[in-house]
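What follows is one chain in structure tokens, specifically the form predicted alone.
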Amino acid sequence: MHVTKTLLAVCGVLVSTAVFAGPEKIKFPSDYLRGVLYQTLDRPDNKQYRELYAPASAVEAVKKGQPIPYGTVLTLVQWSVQQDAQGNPLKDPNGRFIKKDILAHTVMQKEQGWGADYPSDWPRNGEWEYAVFTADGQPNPKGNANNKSCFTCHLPHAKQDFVISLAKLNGTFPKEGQTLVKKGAPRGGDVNIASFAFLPAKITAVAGKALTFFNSDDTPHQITVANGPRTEVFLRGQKASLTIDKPGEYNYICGLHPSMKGVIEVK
């Protein structure tokens, strides 16, 4: 009996100290405002304004070309924006969205050994973990249940330690296609992707002929046709193509940013 109790006690310790993969590892960073606001972003696709915060130590390390330190917590704050009567986002004198209310917080944290507990077929991001919190800092069960999309979106940026936004601080941001494409003027493709929008939003294609998409955004994208083909994830300055064999009208989205929508009319 003494041996049994001892074993149970040992097992209890092992269970309580074991490290498992998952968003529950991350606590809400209530002090994120003490960090550096290193980037802001307008998102026309879902009518949001976003702020990205990082600890000063992480920002300095990246600027010096050093690895992002363990213990780094990056916080993305999603804001709703002011809109006119038609639902169009209002802009300030600088042409930027005017933020209104906080909608959510998306947090990524780097700790030694994190990521190793995910299965081999999971899109691991080195030693980063992700979690989604509500406006008041509570865990968001729905968002955390879908946190695999965070890994998928950041996976192409392995060379920047999976954090493309910080890479701009030290000049390691991908060089390809950095010249911005004017709105409505595709560069190197039938459809240009800029500011989280497909330009044009509706396009005509020929059955059996490849349709090419060019990414002008900082973030990766993936074309996903409803009941149809899907491209690989592609980065800024890269192209992706797909072919639809049968005539008809096909709706498609970005597989990483579902609020981005377009239509392909195949003849």
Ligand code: HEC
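For clarity, a rigid core is taken as the largest C-alpha set superposing within 1.5 Å between two forms. Numbering starts at 1 and follows the sequence shown. If you're wondering where the values come from, they're calculated on a predicted model, not measured in any experiment.
One more form of this protein exists, namely the form predicted together with the ligand; it is left out here, but the text below deals with it.
State the residue from Leu74, Val81, Ala194, Val191 whose non-hydrogen atoms include one within 4.5 Å of the ligand in the model of the complex.
Partner contact (heavy atom, 4.5 Å) among the options: Leu74.
Have a look at Val225, Leu235, Leu41, Val36 for me and say which one sits with a heavy atom within 4.5 Å of the ligand in the model of the complex.
That would be Leu41.
Would Arg50 count as a contact of the ligand in the model of the complex, using a 4.5 angstroms cut-off between non-hydrogen atoms?
Contact check for Arg50: yes, within 4.5 Å of the ligand in the model of the complex.
Decide whether His154 counts as a contact residue for the ligand in the model of the complex under a heavy atom distance cut-off of 4.5 Å.
Yes, His154 is a contact residue.
Heavy atom to heavy atom, is Thr134 within 4.5 Å of the ligand in the model of the complex?
Answer no; every heavy atom of Thr134 is more than 4.5 Å from the ligand in the model of the complex.
Heavy atom to heavy atom, is Tyr130 within 4.5 Å of the ligand in the model of the complex?
Answer yes; at least one heavy atom of Tyr130 falls within 4.5 Å of the ligand in the model of the complex.
At 4.5 Å between heavy atoms, only one of the stretches 154-162, 95-103, 116-124, 82-90 reaches the ligand in the model of the complex; which one is it?
Partner-contacting stretch among the options: 154-162.
What residues in 246-267 sit within 4.5 Å of the ligand in the model of the complex, counting heavy atoms only?
Sequence-ordered list: Leu256, His257, Pro258.
Shift of Pro220 between the shown form and the other one at or above 2 Å (CA, core fit):
Yes, because once the rigid core is superposed, the C-alpha of Pro220 moves 2 Å or more between the shown form and the other one.
Does Phe196 move its CA by 2 angstroms or more between the shown form and the other one when the core is aligned?
Comparing the forms between the shown form and the other one, which are aligned on their rigid core, Phe196 does shift its C-alpha by 2 Å or more.
Sense of the change in Cα distance from Asp161 to Pro258 in the model of the complex - at least 3 Å versus the shown form:
Between the C-alphas of Pro258 and Asp161, the gap narrows in the model of the complex (3 Å or more compared with this form).
Taking the shown form as reference, are the C-alpha positions of Gln39 and Thr219 brought closer or pushed farther apart in the model of the complex, with a change of 3 Å or more?
Relative to the shown form, the pair is closer.
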